[in-house]
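Single chain ahead, written as structure tokens, the form predicted alone.
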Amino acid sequence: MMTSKERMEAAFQCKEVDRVPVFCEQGGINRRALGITYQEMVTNGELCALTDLAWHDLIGDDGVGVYFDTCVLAEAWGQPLIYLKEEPPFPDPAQYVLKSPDDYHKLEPFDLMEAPRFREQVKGTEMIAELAGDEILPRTLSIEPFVTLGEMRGMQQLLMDCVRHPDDVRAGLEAVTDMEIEFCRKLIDAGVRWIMLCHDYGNASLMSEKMWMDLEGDCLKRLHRAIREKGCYLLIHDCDPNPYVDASINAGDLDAFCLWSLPKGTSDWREFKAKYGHVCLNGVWEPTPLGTQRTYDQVVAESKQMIDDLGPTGFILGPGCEFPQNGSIINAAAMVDASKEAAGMKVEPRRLSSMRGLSR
């Protein structure tokens, strides 16, 4: 039997696997494995590492790593955040540090290791890497430069600047890209072996594909290349209903996509697989139905159908975005059970098996 590490690496390379790997995208629900608050998890690298390891032991999926939230780099640059006990932190809208288009030019590089939360993320990553050994492929999440810029300027104002002050925005994107590359390199040095990079602005809901590429295309190429040159697998994530998949591919140097919605020009996931089969596909499950609207049995049945349609090679089963924080944990386990059943493996009884067949 393959280890989780071997299984994920084979999937990224579109090679044969013993069973389709499962990644639950546990960006917040994993804290429930240890009963800590969101604020505790995203400010303590050791606790964050332990929550993900506990989740892995509980559910048995194939992804583990330290991820805090999207605001780590913006906060390191001086952006004040609002912390809540049960939700991820977010920028204080009354204190954006970029107050005018001129401020994009004032973004200077800095020593990331001077940022307290980034130091904690590195510490947690090193802990994961040591404990995972040769069994698990440590991962983390990063974000495209537009996201960090929007967290320091405000999304609405940034989008207006893209139209009215595009050259100023480009200057800001270049500065953020430099630090995003450093962010990824340090985490790779700490033990990360695959990165989920969020292309949150790369969709029709926010801007045209042409504007996205004109403003950020070269930055994405630099970021993608820097990650791959460090020997790290790169998975591109877009949780919008209208993702720009072709543009992301044209940015180059990627191994996989994490999606729950089809891009323009494809009518179903089988067609997606036929068109983009050279790239591993992760996700397909829409998070809300998966976490809150299905029973265990339904998740098993639908997951096995996804595996039949899209596997066994070049496919990682899971939600196309973060598993809902209020979702049913047994439904996360159901995906792992479905993967084992589809491969003819024995599925050990779970203590929560009494929930099978029940509707909410």
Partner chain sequence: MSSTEIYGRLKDALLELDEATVLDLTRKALDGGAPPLEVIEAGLTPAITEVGARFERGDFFLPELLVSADIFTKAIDVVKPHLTREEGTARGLVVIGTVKGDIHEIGKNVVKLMLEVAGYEVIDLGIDVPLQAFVDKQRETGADIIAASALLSSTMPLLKDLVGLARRSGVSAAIIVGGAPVREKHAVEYGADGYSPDAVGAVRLVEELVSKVRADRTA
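A quick note: this is a predicted structure, and the numbers were derived from the prediction, not measured. Residue numbers count along the first chain shown, from 1.
There is another form of the same protein, the form predicted together with its partner chain; it is not shown, and what comes next is about it.
Participant: Please determine whether residue 272 contacts its partner chain in the predicted bound form, using a 4.5 Å cut-off between heavy atoms.
Facilitator: Residue-level check for residue 272: no, no contact with its partner chain.
Participant: Does its partner chain come within 4.5 Å of any heavy atom of residue 293 in the predicted bound form?
Facilitator: It does: once its partner chain is placed as it appears in the predicted bound form, residue 293 has a heavy atom within 4.5 Å of it.
Participant: Looking at the partner-bound form in the predicted bound form, is residue 305 within 4.5 Å of its partner chain by any heavy atom?
Facilitator: Residue 305 lies outside the contact set for its partner chain.
Participant: Taking its partner chain as it sits in the predicted bound form, is residue 286 near enough to touch it, meaning that at least one heavy atom pair lies within 4.5 angstroms?
Facilitator: Residue 286: yes, in contact with its partner chain in the predicted bound form.
Participant: Going by heavy atom distances of 4.5 angstroms or less, which of 211, 81, 97, 171 would be at the interface with its partner chain in the predicted bound form?
Facilitator: Filtering the options by heavy-atom distance leaves 211.
Participant: Taking its partner chain in the predicted bound form as the reference, which of 114, 246, 87, 135 has a non-hydrogen atom within 4.5 Å?
Facilitator: After the contact test, the surviving option is 87.
Participant: So which stretch, 172-180, 150-158, 225-233, 276-284, is the one near its partner chain in the predicted bound form (non-hydrogen atoms, 4.5 Å)?
Facilitator: In the other structure, the partner sits against 150-158.
Participant: Are there residues in 249-264 with a heavy atom within 4.5 Å of its partner chain in the predicted bound form, and which are they, in order?
Facilitator: Just 260.
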